[in-house]
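Taking the form predicted alone, here's one chain by itself in structure tokens.
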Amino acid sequence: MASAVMNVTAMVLDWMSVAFDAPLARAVVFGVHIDGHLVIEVLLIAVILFQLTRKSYKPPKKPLTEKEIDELCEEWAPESLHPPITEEMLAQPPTLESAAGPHSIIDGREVVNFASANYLGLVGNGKIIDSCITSVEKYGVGSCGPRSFYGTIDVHLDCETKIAKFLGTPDSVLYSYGISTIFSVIPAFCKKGDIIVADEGVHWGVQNGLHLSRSTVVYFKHNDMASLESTLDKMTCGNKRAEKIRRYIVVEAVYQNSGQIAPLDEIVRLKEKYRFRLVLDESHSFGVLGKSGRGLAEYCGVPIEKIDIITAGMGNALATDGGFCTGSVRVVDHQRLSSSGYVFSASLPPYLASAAITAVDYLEENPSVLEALRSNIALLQKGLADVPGLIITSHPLSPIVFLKLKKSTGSAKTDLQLLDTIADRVLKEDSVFVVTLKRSTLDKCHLPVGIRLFVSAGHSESDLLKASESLKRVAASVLAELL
């Protein structure tokens, strides 16, 4: 059939050529002989151009009837705005009815509190409360404006100077909310096309900052320096483009999701070898690590100027709120113009800045509080060393003591349910308040879940022993089948 059609088409074309060739046999235009084939080709081109330039045909729209509209509305099913609600999501955490100190009130009874990151025991400190009262009487409660729009108060500048002087950096900048510090700082410096190499165990605030930056993000194995070096080498070796763009390493000093401490000396060596900049979040190490509480740089003996950008929340060791970023004058000044959390948020309430200043003063005047904290960490780690079915995975000096299952069930959901049962029972039976590591649906961290205990310098020896004995007894009961 196809061959027949082609034969007929060829015959028609030959006939048309002959028909056009006869009258144009002697036609010559500008030295070009005009034959039938040329005429046909010109006509075809004209038809093609006509078809390409004509407006497309659109059939007239027929309006829907009322009945058709009603039927469509009945059939339409809107997509859910949120994931399915589970029983775990509906569960309400215990509510504190007092200050979040070493001892708190829950449901009318006193409990030993290991759920609050009150590392230096400064919640309820008399000097801090007095400084807040004085500040409220002088400035009121809020600032009612961003820092760049009449929201800067002298106490903000005093706090920034205090932090920079304490850490030995040229300058610092305050943020009004702790977790917004890191996810405002990262996008302020890291842009689309930049390369970021980050630890896979970073908390959600860091993850959000990485997402907002729109940079190319590559994760390395949690706190694994061999993995970090391999990743840096792959990103830079033979890649001429990588040499011309900004490159960053993003890590935490004390990882919120594991209690591990980053080996800063090795990270600095690698960042200098591969010419990367370093962003370090010290939310759980500032006021904790180092001889005088100046953080990871002091603990590892690394000059602080080797760290390009340092951030920290002030809601942990300093027992206040807000956060700060510290570094060179250029690093700080850049944020005052381009960091969303600084430019667009109302500034830190003045009384919280006063509280931060007083807390740093307290740390400088009472270095023994750090010895008390380290002693409590060691005592608790010793007491929890042989909890049935659980194992400590945090660093010996970390204020976050992290317990995970020795033998996982193979399901993160089932593991979390077991750990939740342990946490609920130690609270109900022994009045010991601990928390499990829960992650939102947005959290991309895949480290094992566990029980976190935040150690405070304000805990007594009896508090630590009570927590150890309670966890041993309850874990042996709950995890009997896994032992």
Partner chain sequence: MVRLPYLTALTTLFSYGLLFAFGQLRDFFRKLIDWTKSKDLKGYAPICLGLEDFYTRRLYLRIQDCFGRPIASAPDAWFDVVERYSNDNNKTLHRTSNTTKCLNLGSYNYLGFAAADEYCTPHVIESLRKYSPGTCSVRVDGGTTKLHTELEELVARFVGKPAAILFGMGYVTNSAIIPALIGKGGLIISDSLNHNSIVNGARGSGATVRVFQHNNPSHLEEVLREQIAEGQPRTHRPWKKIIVIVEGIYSMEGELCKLPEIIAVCKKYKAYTYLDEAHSIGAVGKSGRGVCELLGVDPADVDIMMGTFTKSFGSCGGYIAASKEIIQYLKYTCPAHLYATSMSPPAVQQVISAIKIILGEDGSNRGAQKLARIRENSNFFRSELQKMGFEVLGDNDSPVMPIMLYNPAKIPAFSRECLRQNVAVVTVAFPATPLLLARARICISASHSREDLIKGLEVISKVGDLVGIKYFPAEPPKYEQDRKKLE
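Numbering follows the first chain given and starts at 1. Nothing here was measured: the structure is a model prediction, and the numbers come from that model. Under this definition, the rigid core comprises the largest set of C-alpha atoms superposing within 1.5 Å between the forms.
Absent from the display: the form predicted in complex with the partner chain. The rest refers to it.
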So the partner chain isn't shown here. In the predicted bound form, which residue out of Val387, Ile196, Ala115, Val369 has a non-hydrogen atom within 4.5 Å of it? Ala115
Using a 4.5 Å heavy atom cut-off, which residue among Met225, Val217, Ile304, Ala100 comes into contact with the partner chain in the predicted bound form? Ala100
Touches the partner chain in the predicted bound form: Glu272 (any heavy atom, 4.5 Å): yes
Any non-hydrogen atom of Leu96 within 4.5 angstroms of the partner chain in the predicted bound form: yes
Looking at the partner-bound form in the predicted bound form, is Gly290 within 4.5 Å of the partner chain by any heavy atom? no
Does Ser143 make contact with the partner chain in the predicted bound form, using a 4.5 Å heavy atom cut-off? yes
Within 4.5 Å of the partner chain in the predicted bound form: all of Thr152, Ala319 and Val331, by heavy atom? yes
So which stretch, 176 to 184, 399 to 407, 375 to 383, 229 to 237, is the one near the partner chain in the predicted bound form (non-hydrogen atoms, 4.5 Å)? 176 to 184
From first to last in sequence, which residues of 425 to 447 have any non-hydrogen atom within 4.5 angstroms of the partner chain in the predicted bound form? Phe433, Val435, Thr436, Lys438, Arg439, Ser440, Thr441, Leu442, Asp443
Checking Glu68 here: with the core superposed, does its CA move 2 Å or more between the shown form and the other one? yes
